[in-house]
Structure formats: C-alpha cells, structure tokens
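Below you will find one chain, with nothing else, as structure tokens; this is the form predicted on its own, and questions on how it binds or moves follow later.
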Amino acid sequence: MYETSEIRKGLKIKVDGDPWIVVDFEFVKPGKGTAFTRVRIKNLKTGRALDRTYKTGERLEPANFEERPCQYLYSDGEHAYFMDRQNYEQIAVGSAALGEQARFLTENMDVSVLIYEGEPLSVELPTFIVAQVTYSEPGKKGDTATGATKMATVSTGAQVQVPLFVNEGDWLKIDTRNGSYVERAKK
C-alpha cells in the first residue's frame, strides 16, 4: 500500500478495480484543517482522466503491472505486434492503446509493453529516436535569426516542427514524449 506522501508522477495505482496512473499531483497544506494531496489520474484502460483528493494518511492500492521488454514487429492497422524478448511470444496491442506514439514506431525498435492482468495496456517507447527527413520545404538562406520553424516528415511517417536549416536527407534526434525536434544527428 502506498501512503499519500509517496504519490508522484507516473505512480500506478488501483482505483475502483481499474489501473490508473498519476499524471499530476499537488500537496496542499491549508492554514486551517488537515493537509491533503490533489491528484490528477488517468485510467490506463479507457484513457479517461479525473481529479481526486486524498487526505494525509490515506492509503492507495498499488496496481500490479508487468513490464516486458519487447521488439516492434509490424502493424496491420488495428493492432501493433511486438515480440516478447524473453519467451519470443507475439503480443498484440490495439492502436487505441498506442495513440500518438504509433507515429514513431520503426521495425525492430526495442520498447517496453505494460501488461495488467494479462492484457497489454500501453507501450513505452525510448525517449529519443533518430529518424531521417523524407520531406521538407526548402529553407530560405539567411532566415535563421527569428528561430522560425517548418514542418518536416520523417521516415517513420511522423510530422515534426524543425528549424529552417533542416533539409531532406538529414537525420534528426526526436523526443518521443512530445514529438519535438531535439538536434541533428549522425546515422
């Protein structure tokens, strides 16, 4: 059991029989009355988010998850298929569970699949990937003082905002958490 003092972002808890993850939290100590923790949690099955308040001293039930190292194989539109690196079984994850992360998947990418009671719920990608620019508008020479950006399509199919000096064929380091350009990379 978790104490309210142990609440942090990314903590996985069980609420009303469903698995939830803490998205945000705030400890509040009013001038009068007891302290409490205001928590924003997201249901890992449905994606629904809600706010909860826990008084100091309350206990939270941990959700028993299993994280399996897997390798991305392919996608058929409805599901993405991963190979478990320990027992070589295939795990099918619904495209709804992948969400926006699906645009960064590349063949043979090592990921971590989160499994709750035998059901794969989500996939954790590496924080950064390196991808090649397949299409971008040409930049204008000398137009770099403003910090302007343009859209570029990378080899995974994702569209990313990049600085004007990035050209087709360049390799980029991209943050998969928010889909942002980090820097140019060497392949």
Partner chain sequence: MSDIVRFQGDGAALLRRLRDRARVTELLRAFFRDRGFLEVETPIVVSSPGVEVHLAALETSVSRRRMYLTTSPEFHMKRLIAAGAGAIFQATRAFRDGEAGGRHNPEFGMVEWYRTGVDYGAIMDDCEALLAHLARGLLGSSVAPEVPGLRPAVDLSPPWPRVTFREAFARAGEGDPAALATDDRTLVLAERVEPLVGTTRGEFLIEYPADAASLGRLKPSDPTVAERFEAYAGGLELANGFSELTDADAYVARCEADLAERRRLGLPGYPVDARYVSMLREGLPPCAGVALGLDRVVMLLTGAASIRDVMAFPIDLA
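Positions refer to the first chain, counted from 1. Everything numeric here is computed off the predicted structure, so don't read it as measured data.
The same protein also has a form predicted in complex with the partner chain, omitted here; what follows describes it.
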Arg38: heavy atom within 4.5 Å of the partner chain in the model of the complex?
yes
Indicate whether the partner chain has at least one heavy atom within 4.5 Å of a heavy atom of Arg59 in the model of the complex.
no
Answer with yes or no whether Gly147 is in contact with the partner chain in the model of the complex, where contact means some heavy atom within 4.5 Å.
no
Do Thr34 and the partner chain come within 4.5 Å of each other in the model of the complex, heavy atoms counted?
yes
Within 4.5 Å of the partner chain in the model of the complex, heavy atoms considered, which of Thr53, Thr46, Asn64, Thr127?
Thr53
Segment that reaches the partner chain in the model of the complex - one of 26-34, 129-137, 158-166, 66-74, heavy atoms within 4.5 Å
26-34
